[in-house]
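The chain below stands alone and is given in structure tokens; this is the form predicted alone.
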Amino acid sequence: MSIIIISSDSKKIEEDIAEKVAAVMDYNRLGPKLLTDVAANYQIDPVKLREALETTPSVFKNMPSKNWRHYLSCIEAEVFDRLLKDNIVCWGLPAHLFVTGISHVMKVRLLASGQRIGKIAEQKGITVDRAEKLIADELRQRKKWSLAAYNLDETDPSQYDLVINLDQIDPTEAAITITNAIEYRKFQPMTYSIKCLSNLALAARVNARLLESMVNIKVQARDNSVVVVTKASNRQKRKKIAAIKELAGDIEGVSYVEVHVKKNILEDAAENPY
């Protein structure tokens, strides 16, 4: 009844081992195909969703920060909705960065840079040194992306419960190691951890709804109550509070909405320049 989230510096290896683990454990699979459902449920271009997972916001790439945050929030909400069912192996999505504080979730990091160097050099007809540089550039980009999106370094091993170096361990053995580790009692669901996951799922749904039309939103949920922290100028404060309560209160599972507004100094200065 647990959840396994697998990430790697190689999408192919990540998927292969996730499939092996899911087959052995008879767990449901949650991978990049989810983006199709996200696109349909939120009426978003699937190309934009994939782009949001690969790049940081940029006006040059036609990906404003507001849209980028909204796209990521929609993916989060859909992922949490699936994770509530437990017995899942998840990969190819940034769940390892936003599913936090849930004891029955095991996060696994697969390191495969070493074995990729030779393959890339051969495929592209380049030197090993050049292949090493390409992989290093990829890792720097992923670090940049994860810090921008969730203020976490995706390449930092300390973010994970289990780290496996596939330059030393066969993929089949790695899958066995993962299936054995998930049996550890720490990763078994308890009432408290299930409740924490439900709270994160509700907060994610509210966040996705609000970010569709707003910015500067932070959401927390506990049971059926939601607390939203935002920014607004003095002139816009009442209007924004009312809008947040209407939008959030309309979401299934929400019975109470509390809004805290911090001053938006820049907007206040613009409205009162003297």
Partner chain sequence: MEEQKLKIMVIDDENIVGKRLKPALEKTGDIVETFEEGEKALARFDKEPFDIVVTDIRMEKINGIEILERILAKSSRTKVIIITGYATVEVAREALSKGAFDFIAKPFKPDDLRAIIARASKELKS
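None of the values given here were measured: they were computed from a predicted structure. Residue numbers count along the first chain shown, from 1.
Same protein, other form: the form predicted together with the partner chain, not shown, and the subject of what follows.
Checked against the partner chain in the predicted complex, the residues 141, 87, 188, 123 give one hit for a heavy atom within 4.5 Å, which is 188. None of 198, 177, 146, 103 but one reaches within 4.5 angstroms of the partner chain in the predicted complex through a heavy atom, and that residue is 103. Across the proposed site, 161, 192 and 222 without exception bring a heavy atom within 4.5 Å of the partner chain in the predicted complex. Checking 178 to 186, 79 to 87, 133 to 141, 111 to 119 against the partner chain in the predicted complex, the stretch whose residues place heavy atoms within 4.5 Å of it is 178 to 186.
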